[in-house]
Ligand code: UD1
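Okay, here we've got a single chain as structure tokens, the form predicted on its own, with questions on binding and movement later.
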Amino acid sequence: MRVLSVFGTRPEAVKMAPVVHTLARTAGIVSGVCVTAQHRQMLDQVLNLFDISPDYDLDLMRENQSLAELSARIFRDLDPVLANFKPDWVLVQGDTTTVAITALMAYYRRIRVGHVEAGLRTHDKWQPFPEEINRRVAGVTADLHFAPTEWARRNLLAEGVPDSAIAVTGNPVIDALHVVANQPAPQEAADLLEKLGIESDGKRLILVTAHRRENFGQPLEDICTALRELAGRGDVEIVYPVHLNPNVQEPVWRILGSVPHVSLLPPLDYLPLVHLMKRATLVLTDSGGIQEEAPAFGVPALVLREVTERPEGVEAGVLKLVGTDSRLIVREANRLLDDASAYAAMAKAVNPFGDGRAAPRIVERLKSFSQE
């Protein structure tokens, strides 16, 4: 059985890495990897971290390219790869432009599609944008759906996907997280924590990631206003690795660039990011993956979005939706920082996103499904 895994961004690479390694060591499978490099630099450091050498690298990242331009390049450059590798299955993960276009390309060539992290929905086509539609496109074309949770499975059933085509596996991001968290902390993370006085001076770390398209403009400015107010407490240090997109860089540096107790960093490699997350007291994020990762360390996460496709975390009590309203962000962050019982209730809740064994389940179901 020939299986081609296709991905293009850092989050996809993190979540597919355990699957790629499991495929490579499974008898009866010829595994190939194609990267679109939708995100070049951030993708490469994950490939190095997990020791993955792509068989095909489309190298499609261009500065300030539109979604239409990126999609056109994937359509053009992926087709020869499919013709050359001749996969029986194409595996995609999540909800990026790479996922949607790859799923369509596989469909055009009558190649079966396996969708990792299937069934996530907000049921709002504009939030997150364009991810909600990307994952629906992948869901329509997929032959086998690897749902991370029962909630995701129920979404797929409601859309008419037969139960026999769904496998609840957990999310492979937890597999990857276990591997990375057990590695020694890189020097840059240790130096930063020491410089900021985290723990040694009683300071507490707030880790922030905010970069989603739907938050561009006033929403991101409101997030930054909230961070500026939180920094005024004096007992916290805010670390914000800032996405390279100019729509993020400009407001963040304008509002927070000279604020004491706020450290604005270039985008971090995955290894130091994970180790900062382990040491954080609180995470503020509009990221999808970090909503799954922070609870694995018992770190409460305030989600800077109006809706989430991961409501299991909200129901379990490990996530709380706060949107982008400055007053609400400040109020909820202060509550967790000042109320030990409220903090403990979130920190000790059970992570609903997996147990670190998703990749073997995905590969085993792929093999058994192909034999049915």
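Fair warning: this is a prediction, and the values are worked out from it, not measured in the lab. The first residue of the sequence shown is number 1, and the count goes up from there.
The same protein also exists as the form predicted in complex with this ligand; that form is not shown, yet it is the one meant from here on.
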> Does the 4.5 Å heavy atom contact test between His211 and this ligand in the predicted bound form come out positive?
Replying inline: yes
>> Can you tell me whether Arg40 touches this ligand? I mean in the predicted bound form, with a 4.5 angstroms heavy atom cut-off.
In response: yes
> in the predicted bound form, does Asn64 have a heavy atom within 4.5 Å of this ligand?
Replying inline: yes
> For Thr281, is any heavy atom within 4.5 Å of this ligand in the predicted bound form, or not?
Replying inline: no
>> Which residue, Lys203, His243, Arg153, Arg136, is the contact with this ligand in the predicted bound form, using a 4.5 Å heavy atom cutoff?
In response: His243
> Ok, Thr97, Thr141, Thr225, Ser263: which has a heavy atom sitting within 4.5 Å of this ligand in the predicted bound form?
Replying inline: Thr97
> Which of these stretches, 105 to 113, 193 to 201, 127 to 135, 234 to 242, has heavy atoms within 4.5 Å of this ligand in the predicted bound form?
Replying inline: 127 to 135
>> Just to make sure I understand: among 6 to 37, which residues lie within 4.5 Å of this ligand in the predicted bound form, judging by heavy atoms?
In response: Thr9, Pro11
